[in-house]
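In the block that follows, a single chain appears as structure tokens, in the form predicted on its own.
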């Protein structure tokens, strides 16, 4: 005769097996500027849902090219709207899955705590060795950097001092290591908990460049993946939005 204890134990084991079977893995591509907040969101998401996430980080342009060449990603969190729209038009993304998960901010930043006090004045003075920006052909934050210099009528004067990173992560590294003493980086790279945590920086007014609206889209490979669907729902939730805002983004 089966005892009540055996029945309860069997039920717990069965529930555990069902939970494990239901948990899945999402393979996603993420824009480099969103590395820190995405890692924090993934940690929360995995703890809350039991799903796992494998994320690859890089410039939006390169990630788009990899997807077009058959990379096994199931979703893209881009640093712009253009690539996700293109993927929809090209039939590579799932129609209706695209949404804006964050609106980014650009900051003129230096690892030197005293270097950036007045951003426009510093740029006009030319009192710096190199200005690091992301490659505007690959990275939306690079496009915004050039737009800012054009709006300030400083592009021609500063162009000889520009050093370009392949993506915003490399751009930050150039400044962090002193290869450039200032750079236009994503606010999320230097902010946590609502404050710039090291160095000195000046947030670029939004009116100096087009809004950096960052869209996410589910790719055809991930259309039926429950982990991907759960992640996209989670990104719209208050926990993820709190993380996004904490790293200096606006969260729609």
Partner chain sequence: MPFLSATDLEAIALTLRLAAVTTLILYVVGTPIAWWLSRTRSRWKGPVGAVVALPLVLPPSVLGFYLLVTMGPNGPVGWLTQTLGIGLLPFTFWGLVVGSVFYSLPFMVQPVQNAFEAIGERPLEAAATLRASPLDRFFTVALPLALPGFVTAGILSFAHTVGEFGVVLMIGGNIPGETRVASVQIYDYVEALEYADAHRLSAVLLVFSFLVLLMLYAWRPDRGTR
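Positions refer to the first chain, counted from 1. Keep in mind the model is a prediction, meaning the values are calculated, not measured.
Note that the form predicted together with the partner chain isn't included here; everything after this is about it.
Only one of 208, 203, 65, 40 comes within 4.5 Å of the partner chain in the model of the complex through a heavy atom, and that residue is 65. Screening 148, 105, 110, 135 for any heavy atom within 4.5 Å of the partner chain in the model of the complex leaves a single hit, 135. Proximity of 83, 164 and 177 to the partner chain in the model of the complex is complete: all three residues have a non-hydrogen atom within 4.5 angstroms.
In the model of the complex, the partner chain sits beyond 4.5 Å of every heavy atom of residue 100. Interface residue remark: residue 222 is not counted as part of the site for the partner chain in the model of the complex, having no heavy atom within 4.5 Å. Remark: residue 130 counts among the residues lining the partner chain in the model of the complex, judged by a heavy atom distance of 4.5 Å or less. Although the partner is absent here, residue 189 sits far enough away that none of its heavy atoms falls within 4.5 Å of the partner chain in the model of the complex. The partner is not drawn, yet in the model of the complex one stretch among 150-158, 122-130, 70-78, 92-100 has residues with heavy atoms inside 4.5 Å of the partner chain: 122-130. Residues from 216-252 do not approach the partner chain in the model of the complex: none has a non-hydrogen atom within 4.5 Å of it.
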